[in-house]
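A single chain, nothing else alongside it, follows as structure tokens in the form predicted on its own.
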Amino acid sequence: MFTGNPAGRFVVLFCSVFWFGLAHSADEVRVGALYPLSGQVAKSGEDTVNAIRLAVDIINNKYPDLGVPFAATEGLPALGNAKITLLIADHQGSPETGAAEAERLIVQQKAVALIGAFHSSVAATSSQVAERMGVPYISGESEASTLTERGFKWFFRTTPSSRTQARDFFTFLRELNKGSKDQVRTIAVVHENTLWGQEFAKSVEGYLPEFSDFKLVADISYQQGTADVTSEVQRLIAAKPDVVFHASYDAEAILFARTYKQYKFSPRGVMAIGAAFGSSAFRQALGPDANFYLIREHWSRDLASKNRVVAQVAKLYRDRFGKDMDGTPARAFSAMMTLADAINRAGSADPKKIRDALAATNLAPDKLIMPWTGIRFDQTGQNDLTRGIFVQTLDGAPRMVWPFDQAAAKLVWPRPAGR
């Protein structure tokens, strides 16, 4: 792996010696978590890390009334009740910082597995480090399709890719059009210009031949971190789309919503991929103006009516951190529980054994808080048992409105003018 690179061979030797010793220790299993805890998405990053903290707390301590794996025990039973030690690193939304932090967590902090990284661009670079050093990496929320198309053997993703999610946008609209006289026909895509946004826009365009009843009238890319989206909104006004598909992080999602209101841009619907338009940060910043946005989500508190564990975990999260759990924290929680399950089945803190256990994962839906049919990784490391929902913020709370036959609230469509 590091032929001709003495420094690289030393790192592999160092890590191998450490991991051999740790695999026989019953004290702790060290897991590194890479997330943005400063910068424009710091609030969402902290919310996501808090969900991982909650998962680790449940694994390490007893919660006898909670119906999730490891709640009835303390620690990982197959490792002599070893506790997970969570090592948290702030990558600041920077791919370069993410890569450096991944190496630091592995070499200096002796992490035997990594979880991250919210940003797909950071997951791309930090997982390259993990792949090179032979350390398993699990992502619960980084969605760019290419992450599981690189031929990596140490990367696993529980959440669906942006390509899978893009299809749900079209499926939703096609169902909406059934029996409706006011048909949705034209679409604009607005996306930030890093890997995640680019992959979403590419996925949308890739589905247009299959969903030929829709026409793309604008593809608008903007610089992540921009402080002014006036020109982008003016282009949307000129294009006059029926709906807008969005891929934006927190700060820009808030900025776009405010600019839409300022210029009275009022398409029939604004539909978003990812957490930003449905996050607590978005709702807190905009108040009533956060209502009626549609978010292609993975989780909703409305699922509690069919899964009591959803309500239990959501209550623990709110009691612990003072805010409601959203979809991205729920996904990160699930990824951490999946990693713990693999470590326990491996019966070891040896990264190779953990990697092999992850590859063999087959979790049933009754073990999850997600609306999926399970967690099982294909040969690329992608969970192939995911399923999507749409939520709409109504009266300040995200409510599940699709699939229509499982909706907990009635969809408000079209979006009220001026909102």
Partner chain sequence: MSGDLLVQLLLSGIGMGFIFALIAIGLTLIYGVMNVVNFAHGEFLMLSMYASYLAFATWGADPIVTLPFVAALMFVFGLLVYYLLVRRVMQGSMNSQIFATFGLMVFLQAAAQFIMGADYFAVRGGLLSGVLEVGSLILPAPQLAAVVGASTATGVLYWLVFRTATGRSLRAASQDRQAASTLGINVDRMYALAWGIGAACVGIAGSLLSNFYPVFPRVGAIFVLIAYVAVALGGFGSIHGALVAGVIIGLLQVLAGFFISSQLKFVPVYLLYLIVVLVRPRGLFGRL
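Positions refer to the first chain, counted from 1. Not measured: the values here are computed from a predicted model. Rigid core here is just the name for the largest C-alpha set that superposes within 1.5 Å across the two forms.
The following text describes the form predicted in complex with its partner chain, which does not appear among the structures shown.
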query: Contact at Arg104, Thr125 and Gln128 by its partner chain in the predicted bound form, all three, heavy atom at most 4.5 Å; finding: no
query: Lys181: touches its partner chain in the predicted bound form, heavy atom cutoff 4.5 angstroms; finding: no
query: Arg150, heavy atom within 4.5 angstroms of its partner chain in the predicted bound form; finding: no
query: Partner proximity in the predicted bound form: Gly225 to its partner chain, non-hydrogen atom cutoff 4.5 Å; finding: yes
query: Its partner chain contact at Asp242 in the predicted bound form, heavy atom, 4.5 Å; finding: no
query: Contact residue in the predicted bound form, chosen from Ala82, Leu173, Ala304, Leu286 - any heavy atom within 4.5 Å of its partner chain; finding: Leu286
query: Contact assignment for its partner chain in the predicted bound form, among Ser266, Asn193, Thr146, Asn177, heavy atom within 4.5 Å; finding: Asn193
query: Option from 164-172, 313-321, 83-91, 250-258 whose residues, in the predicted bound form, bring a heavy atom within 4.5 Å of its partner chain; finding: 250-258
query: Residues in 220-237 close to its partner chain in the predicted bound form, defined by a heavy atom within 4.5 Å, in order; finding: Ile220, Ser221, Tyr222, Gln223, Gly225, Thr226, Ala227, Asp228, Val229, Thr230, Ser231, Glu232, Gln234, Arg235
query: Rigid-core frame, C-alpha of Asp228, shift of 2 angstroms or more between the shown form and the other one; finding: yes
query: Threshold 2 Å Cα movement between the shown form and the other one for Phe321, core superposed; finding: no
